[in-house]
Each structure stands twice: as C-alpha cells, then as structure tokens.
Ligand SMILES: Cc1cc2nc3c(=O)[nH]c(=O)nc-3n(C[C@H](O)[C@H](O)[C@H](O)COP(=O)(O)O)c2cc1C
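What follows is a single chain, given as structure tokens, in the form predicted alone.
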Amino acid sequence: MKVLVVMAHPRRDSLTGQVADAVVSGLADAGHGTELADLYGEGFDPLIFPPDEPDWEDEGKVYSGAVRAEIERLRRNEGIVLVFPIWWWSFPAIMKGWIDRVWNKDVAYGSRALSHRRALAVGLSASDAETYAKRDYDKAIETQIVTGVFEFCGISDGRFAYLHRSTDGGDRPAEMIAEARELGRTFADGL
C-alpha cells in the first residue's frame, strides 16, 4: 500500500518530526511505500481564498494549481497518516487549513469521496491520558477527526492514536518514537 504521511510542526527536527519519520520507517518495515508531506517545510498556505472555496453550484470546479497538486498527492495514495501536536484540543491551523483547502467539495465529499483504505491521526499531547479522559477531551478530539473528517470524507476505517506526555523528557521521547514506528508497522494490519 502507498501511504501519505502528513506532518504539521514548524520545526522539522521537533519530536513531531521524529514521530513522523518513525511512522514512515515503520510503514517501510511493513513493505509499504510512503510519501511525506511536511506542510511547514513545503510552505503550504492554509488560507482559503475564492479559487479554493467549495462551490455548491459547480460540481466540476477547477481549484487553484497549488490545491490541484495536493489533490493529486492525496489521490495517489491508498492510506493516510496525519502526525501533529495537539494544540487547543485540535490540529495545528496549518493542518486544518490543508484539510479545508484540499479535502474539498467533490474531491473528498459531495459528488466524490476519498477512497483511502485506512486513515490514522497521531496526536502528540503534553498531558496524560487521565487528563484527557477527565472531561472527555479524548472523545471530543477523536469524534472531530475520525467522524467529522475521515468518515465524512468516505474513509470508513479511520483511527486516532494519542502519544501522551510529549514534554516529559527523560525516556519518554524515545518511547514515543518506538510507539510511532509500531503504529506505522501495523498500519495496514487486518486489511
């Protein structure tokens, strides 16, 4: 399977970047092809302007060149993994903007949905699992991303994986990298 790994962090050498690399490594260990999209590194513009707004009157709308290139990248992969730090209980703005612009009407919903076999969101959290569960933040974030994005856009096998305690230091970063590699290695299990 070919899998698009989309990373959103302003520093490529961050723990998020290392986790994305570990996911790619795990996918390769399992024999999958990968393509890495580093949204910050590539200078992706998350702002929507009229050329990329959904058009409910035009099923064949032609989006901007930048968005068409991203749509092609999305379509040439059978799976997708989103890797990001959880900021304000959600994606970083650049990843939300990438979804807003690229997973557009008649591309990912409307007359046409995505055909990816599996999707995984890997969220790095500074808090622990208990803190997220205390007020059901974990369920809210999963519902937003798995149901509100993946399922809405036609990906019935969407999942969310938390990598908690990202700022603990000590052995925790190495543990998270190992966990991420395993997430990549087992990404297509059961398909």
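Just count from 1 along the sequence shown to find any residue number. Just so you know, these numbers come straight off a predicted model, no measurement behind them.
This next part talks about the form predicted in complex with this ligand, which is not shown.
Engineer: Which of 66 to 74, 144 to 152, 159 to 167, 39 to 47 has heavy atoms within 4.5 Å of this ligand in the model of the complex?
Structural biologist: Selected range: 159 to 167.
Engineer: So, in the model of the complex, is Ile177 in contact with this ligand at a 4.5 angstroms heavy atom limit?
Structural biologist: Ile177 lies outside the contact set for this ligand.
Engineer: Can you tell me whether Pro85 touches this ligand? I mean in the model of the complex, with a 4.5 angstroms heavy atom cut-off.
Structural biologist: Yes, Pro85 sits close enough to this ligand in the model of the complex that at least one of its heavy atoms falls within 4.5 Å.
Engineer: Test of understanding: in the model of the complex, would Val122 fall inside 4.5 Å of this ligand by heavy atoms?
Structural biologist: Contact with this ligand, no.
Engineer: Is it the case that Ser14, even though its partner is missing from this view, gets within 4.5 Å of this ligand in the model of the complex, heavy atoms only?
Structural biologist: Close contact exists here: in the model of the complex, Ser14 approaches this ligand to within 4.5 Å, heavy atoms only.
Engineer: Taking this ligand in the model of the complex, which residues of 122 to 136 have any heavy atom within 4.5 Å of it?
Structural biologist: The stretch 122 to 136, when checked against this ligand in the model of the complex, contributes Leu124, Ser125, Ala126, Ser127, Tyr132 at the 4.5 Å heavy-atom cut-off.
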